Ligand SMILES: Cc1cc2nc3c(=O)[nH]c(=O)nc-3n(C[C@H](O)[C@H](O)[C@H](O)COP(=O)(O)OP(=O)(O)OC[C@H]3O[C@@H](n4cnc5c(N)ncnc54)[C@H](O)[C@@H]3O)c2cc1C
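Let's start with one chain on its own, the form predicted on its own, as structure tokens.
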């Protein structure tokens, strides 16, 4: 019987994909396999979540080479009789999805946030029209490549799995040669993992006002995030902190949105938060329709007062 194969270069994302795969198999009876490539710790983590892990250890495969990864996964698909491949819809996963779909001769869907088996169709929900609506789509071919947005599913709980070795052939001359690796000089914050987010928008008067917002972030035990223009246009924060279609989808327990108008491209990245608090001087700001609590006031006064209370 054909089955489902999951792969991500990130451990947490792979555990989320395992949950998604189990939702599909709950009504289909398909086998689920997890793939790790040159990552023993990931293989152990997946097995610790009850997965049947196929481990590829081959130093000729450069993880930075999406083409080589796609070729290795293609061979795994053929050897394991797989018809559905689940990847993460992060930057690397989206490239990998396209390459893999091309070499196995099928279609792919990226940016998927929910999956449901409806008869013989695996229906996928994804943002459409710039995030203004959610479309339900499916791949009509037998083989399917689906990239799922991180944080769309919970990580798989602990269980008892097993690990087996899987061998694949690689090209003698790789298409990409890794010369060296360097740590990012900019921000490396993971806003997707934060339980509390304080996000600023263009309502913030100046970069000089960031320290008072950072003080609030520290008092709440969260992370600082922003809308796209704050990072790309004003350069006040790094692009690692962008929420939305051009950034990251976040699902914190608490989101405090300061001076953000709430364009749909931003809202799709935060609307699944547990509680949303919006502070905006415009009572008609679109973000207010999404928020659980709204305070119509100048954000600078509000932040200053909150810092006094929380000090």
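Positions refer to the first chain, counted from 1. Please read these numbers as outputs of a predicted model, since none were measured by experiment. Throughout, rigid core stands for the largest set of C-alpha atoms superposing within 1.5 Å between the two forms.
Although not depicted, the form predicted together with the named molecule is the subject of the following passage.
Q: Can you say which of 29-37, 42-50, 57-65, 243-251 gets within 4.5 Å of the named molecule in the predicted complex, counting heavy atoms only?
A: Partner-contacting stretch among the options: 243-251.
Q: Residue-level question: is residue 300 within 4.5 Å of the named molecule in the predicted complex, judged on heavy atoms?
A: Yes, residue 300 lies within 4.5 Å of the named molecule in the predicted complex.
Q: Should residue 201 be classed as touching the named molecule in the predicted complex when contacts are defined as heavy atoms within 4.5 Å?
A: Yes, residue 201 sits close enough to the named molecule in the predicted complex that at least one of its heavy atoms falls within 4.5 Å.
Q: Would residue 270 count as a contact of the named molecule in the predicted complex, using a 4.5 angstroms cut-off between non-hydrogen atoms?
A: Residue 270: no, not in contact with the named molecule in the predicted complex.
Q: Does residue 229 reach the named molecule in the predicted complex, with heavy atoms at most 4.5 Å apart?
A: Close contact exists here: in the predicted complex, residue 229 approaches the named molecule to within 4.5 Å, heavy atoms only.
Q: Let me test this: is every residue among 85, 88 and 106 within 4.5 Å of the named molecule in the predicted complex, going by heavy atom positions?
A: Judged in the predicted complex, none of 85, 88 and 106 sits within 4.5 Å of the named molecule.
Q: Suppose contact means any heavy atom within 4.5 Å; which members of 272-295 contact the named molecule in the predicted complex?
A: Read in sequence order, the residues that approach the named molecule (within 4.5 Å, in the predicted complex) are 279, 280, 281, 282, 285.
Q: Could you tell me whether the Cα atom of residue 22 shifts by at least 2 Å between this form and the one not shown after core superposition?
A: For residue 22, whose C-alpha is compared between this form and the one not shown after core superposition, the shift is less than 2 Å.
Q: Taking the rigid core as reference, does the Cα of residue 163 move 2 Å or more between this form and the one not shown?
A: Stays below the 2 Å threshold, so no.
Q: Following rigid core alignment, is the displacement of the residue 202 C-alpha between this form and the one not shown equal to or greater than 2 angstroms?
A: Residue 202 C-alpha, core-superposed: shift of 2 Å or more.
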